[in-house]
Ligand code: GLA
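Let's start with one chain on its own, the form predicted on its own, as structure tokens.
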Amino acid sequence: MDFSREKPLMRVNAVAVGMLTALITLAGCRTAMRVGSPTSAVARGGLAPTPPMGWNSWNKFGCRIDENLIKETADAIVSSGMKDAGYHYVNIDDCWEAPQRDADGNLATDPQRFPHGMKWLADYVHSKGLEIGIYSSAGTGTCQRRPASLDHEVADARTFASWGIDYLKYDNCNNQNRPALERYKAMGDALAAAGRPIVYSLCEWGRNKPWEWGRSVGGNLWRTTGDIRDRWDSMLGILDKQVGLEKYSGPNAWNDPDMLEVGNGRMTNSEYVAHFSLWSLLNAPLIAGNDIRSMNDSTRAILTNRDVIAVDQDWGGMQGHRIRDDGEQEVWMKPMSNGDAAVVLLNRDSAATATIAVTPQELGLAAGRHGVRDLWTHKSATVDGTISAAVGPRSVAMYRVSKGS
């Protein structure tokens, strides 16, 4: 997308007051709805004014889940500082379901894995000041062939609401080749009528361009690709597919390049820094996928970097985008709501350090002196003209550049 030197900042300034007013209104709406008032599709759209932050069980644990893991993870999110950094959703992925629906045709929890039931577990998570998410599929079975929600949308949405669920990840397995928009709209309508605000995450894998219709079916976020793996090449492959999607993303309706792999052990620390930096610049939902209970200090430092998280959570909601592709080196930038610019200098090369430079004009800023803050060293300086860094192999540098001297 071709951003001129002036237009990004003009757009931010033109919408700033109106968007701030809207977000304050939405925050009040969310508080009101939490006490049990009926929700509507329009009101549900205000549930994610900034990209959701939390944790999901799948990337690390797959089907190896039970209520003790979820309880211990909720405890760890609080004790590790993750909650204070903004992570609030504890999301249970596939394999929580009993093998069959109950005698009344409703979804039930696996009695061995979750002996106290989902309502009990939701109450525990809520007692920690956190919110709980659950998983189903827009098909006849989940990806692990547990009962799913196709043609059971109304009953299942009511069940989730009765349990106190706050977030639904809705997958695409066993979909019987029925139209995606039809299937995802059915659940969006059911959630809107269920009497509880539930964030709606469309995990459609980007097969039918959900960025074009996800908002219209009540979605708050939608996957743009297939699943991420804990590999550098997988992360970069997903990154490349985000080019050109920035115009579809904004408050309450986010492009989702899939969950974070930070801390799962198959990438280096510098690769995880790059992963987290780029996902934050993309306004991606920051859904950690590691074992929070045992993460080391390096992983914690990445996931709780307040300077980087602030880029992701910037209330203006303008998604970052690639402004220069020099082959193995790239420059990505995000206009911030206060007129600053966030920038990631990416070196994709696996062997060589590269010097990467960008001018203020390329970032949509005026020529001259600018304050520059390194978001990983947390050091600030004043730079007159070009911003540059020697970036190691498979690494990034990330800065926030002030709008003026």
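Model, not experiment: these values are computed from the prediction. Residue positions are given as counts along the sequence shown, with the first one as 1.
FYI, the form predicted in complex with the named molecule isn't displayed, but the following is about it.
In the predicted complex, at least one heavy atom of K169 sits within 4.5 Å of a heavy atom of the named molecule. None of the heavy atoms of D312 is located within 4.5 Å of the named molecule in the predicted complex. For the chain shown alone, R183 is not a contact residue for the named molecule in the predicted complex, no non-hydrogen atom being within 4.5 angstroms.
Interface residue remark: W205 is counted as part of the site for the named molecule in the predicted complex, having a heavy atom within 4.5 Å. Of the stretches 295-303, 278-286, 93-101, 185-193, only 93-101 has residues with a heavy atom within 4.5 Å of the named molecule in the predicted complex. Three-residue candidate spot W332, S388 and Y399; no residue lies within 4.5 angstroms of the named molecule in the predicted complex by any non-hydrogen atom. Though the named molecule is absent from this view, in the predicted complex it lies within 4.5 Å of a heavy atom of just one residue from L245, A85, L130, C143, which is C143.
Residue M259 is the only one of A274, I77, M259, A157 with a heavy atom lying within 4.5 Å of the named molecule in the predicted complex. Although the named molecule is not shown here, in the predicted complex the stretch 209-236 places heavy atoms of R223, D227 within 4.5 Å of it, in sequence order.
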